[in-house]
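This document starts with one chain, in the form predicted alone, laid out as structure tokens.
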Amino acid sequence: MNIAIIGSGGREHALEWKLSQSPNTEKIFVLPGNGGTENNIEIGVTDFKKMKTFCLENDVELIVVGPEVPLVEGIVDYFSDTNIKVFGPDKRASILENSKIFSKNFMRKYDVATADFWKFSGDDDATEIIQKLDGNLVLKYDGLAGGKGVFVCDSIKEAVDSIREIKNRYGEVANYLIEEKLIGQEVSIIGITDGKDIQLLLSSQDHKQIYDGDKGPNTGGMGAYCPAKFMNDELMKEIKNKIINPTLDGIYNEKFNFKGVVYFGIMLTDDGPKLLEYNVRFGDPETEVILPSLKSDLLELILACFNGNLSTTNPEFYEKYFVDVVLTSGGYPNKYKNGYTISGLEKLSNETQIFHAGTRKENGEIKTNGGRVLNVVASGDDLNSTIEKVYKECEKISFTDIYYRKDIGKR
């Protein structure tokens, strides 16, 4: 089977790496790919016309979509007149990620455990709610924001400033949510679904803020590990009952065309697990630890969504810990420079997995080409030794203005 992977980040490199292991995979194309992926095709992730022409001419039978934007813009719908399977929800179902307001109303409608929330738009005055919560709240821009539309506030001034930031970025009439702030450990649960049944992958924990100790602004993710050390069967049962099963009921009852991935971002509070958000695709950088932990054939799982046998598949996992540290360009998530030569990759252990994100090949060298540059992934029998191992590997890599957190997995 020929496969096209849509996207250019570390998630897409991890998908290429994992799907290439299937005996049913013949050739993988990555559109547009990066400095670590093979068979890169310079087609933009929303250039559906060129994409369709290429896939039909190259006998592509399956498209696996990495980022959210092509899903939100309707890539599944665009290919519906072909025999090509597209792994992801259609445009209508993608609203679960595309609109934070819709997704919170969906959670309320289907009794999914989540935080209280209030929605605002344009000239709506949020002062009363901000004062009621004493500024101790979370602000979320309604639309897609590349992981940078969430503001965790600790004071009235910070909340007011964050609303102004949302309006500066997205317009004076931008829709946004105010949520009660939840306290606890965060965990990511990712499942593969056919719209009726779901197969869950291992739990993981992302580290979104730029600085050690979870300080500073949110990023797209500075690292992750799996499985989450605090997960157990009892907690997973509670998450299924309060969050996952009601969500599946909602997807089914809304008649969403959903053959793809549901990402559950969950906070473990004193009142039990509560859902923070949905994504409708693999998380990044969670994918870079989850896929190495999966012993089973990923292609087989994906095709089961289309063949009607997902409920009878039984994914298996390695009994190890996996830790991913994201190496970034200095200045990320704000301004940074590209084009620096990356050195030291040849010094890495054969057991270390590197997933490229913001890189490009130029005259035989690998150069920086984005904010999140590389994912360094190590595995081991216990979490502490795996953390130690991955940081020793990170020290071997260098490029100008390199930056990475030193506490991934140490919460």
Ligand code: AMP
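Please read all numbers here as calculations on a predicted model, not as lab measurements. Counting begins at 1, following the sequence as shown.
This protein has a second form, the form predicted together with the ligand, left out of what is shown; the following refers to that one.
- Within 4.5 Å of the ligand in the predicted complex, a heavy atom is found for none of 356, 367 and 401.
- Comment: the ligand is not present in this chain, but in the predicted complex one of 181, 242, 92, 167 has a heavy atom within 4.5 Å of it, namely 181.
- Of the candidates 72, 144, 126, 276, 276 is the one whose heavy atoms come within 4.5 Å of the ligand in the predicted complex; the others do not.
- At a distance threshold of 4.5 angstroms between non-hydrogen atoms, residue 208 is in contact with the ligand in the predicted complex.
- Contact check for residue 194: no non-hydrogen atom falls within 4.5 Å of the ligand in the predicted complex.
- The ligand is not drawn, but in the predicted complex it has no heavy atom within 4.5 Å of residue 259.
- Under a 4.5 angstroms non-hydrogen atom cutoff, the ligand in the predicted complex lacks residue 254 among its neighbouring residues.
- The stretch that touches the ligand in the predicted complex, counting heavy atoms within 4.5 Å, is 150-158, out of 299-307, 79-87, 195-203, 150-158.
- Contact residues in stretch 81-115 (any heavy atom within 4.5 Å of the ligand, taken in the predicted complex) are 100, 115.
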